[in-house]
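First comes one chain, alone, set out as structure tokens in the form predicted alone.
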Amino acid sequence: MRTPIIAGNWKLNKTVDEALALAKDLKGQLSDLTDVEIIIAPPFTALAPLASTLTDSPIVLAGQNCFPSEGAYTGEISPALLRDVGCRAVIIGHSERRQLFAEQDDFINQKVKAALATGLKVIFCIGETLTERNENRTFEVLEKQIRMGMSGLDSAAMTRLTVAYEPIWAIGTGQTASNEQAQEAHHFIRGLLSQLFDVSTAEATRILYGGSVKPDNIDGLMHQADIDGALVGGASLKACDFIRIARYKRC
């Protein structure tokens, strides 16, 4: 059995005070969950205060991004610094990093390796654009992103990596891949992982869906065989919405 993950990516939202208020709500309402892993990724400015607030809580603190090296890289943050401030995980390869900041697969691979080497868990994001889907290139795009982004990893490293499938056309648009579309992509990803590693590794790897996840669509998504959780954007900014998503209805 794969333990589901519900992860909230707060992106560039929440002041420190707002982040603390939301984290306290989540800690109070979700700390009893023992069969779902909860992860939140606030802005960098809120990481240290939230690390203190989440002490003695099962909620995992994550960074939204990292740089693969330390040194003269103004404006960046390394995996070691994320760990130092209390993070146990990091999101890498988010579509906004790929599209807005032109991050390429080989650079994303460097970040994945650096984060894993530092002891962080990785949420590794992949996904196709609307044009790529309309051109029937979804699987081609996903395979390239996985092969290049995971290059050099072994089965041991995969125990600390979670894949997040985010169809770019569904992120922040209000559109959501149908349950069938999401399952089809997740099934393909798991099959590819079995080829790159082995069947047991593929079966143990958790694959999340990301793309306009809301309280009213989480139940259907979570009923799919290969969907092991969600990477939630806008709905993670409201305690009531994120709590409902984390407490999705089981089969």
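None of these values were measured; they are calculated from a predicted model. For every residue, the number given is its place in the sequence shown, counted from 1.
One more form of this protein should be noted, the form predicted in complex with a small molecule, which is absent from this view; the next part is about it.
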{"item": "Heavy atom within 4.5 Å of the small molecule in the model of the complex - residue from L161, L142, L82, I171", "value": "I171"}
{"item": "Proximity of K11 to the small molecule in the model of the complex, heavy atoms at 4.5 Å", "value": "yes"}
{"item": "G63 within 4.5 Å of the small molecule in the model of the complex, heavy atoms", "value": "no"}
{"item": "Contact test in the model of the complex: G211 vs the small molecule, heavy atoms, 4.5 Å", "value": "yes"}
{"item": "Heavy atom of E128 within 4.5 Å of the small molecule in the model of the complex", "value": "no"}
{"item": "Heavy atom contact within 4.5 Å of the small molecule in the model of the complex, the stretch among 70-78, 144-152, 177-185, 90-98", "value": "90-98"}
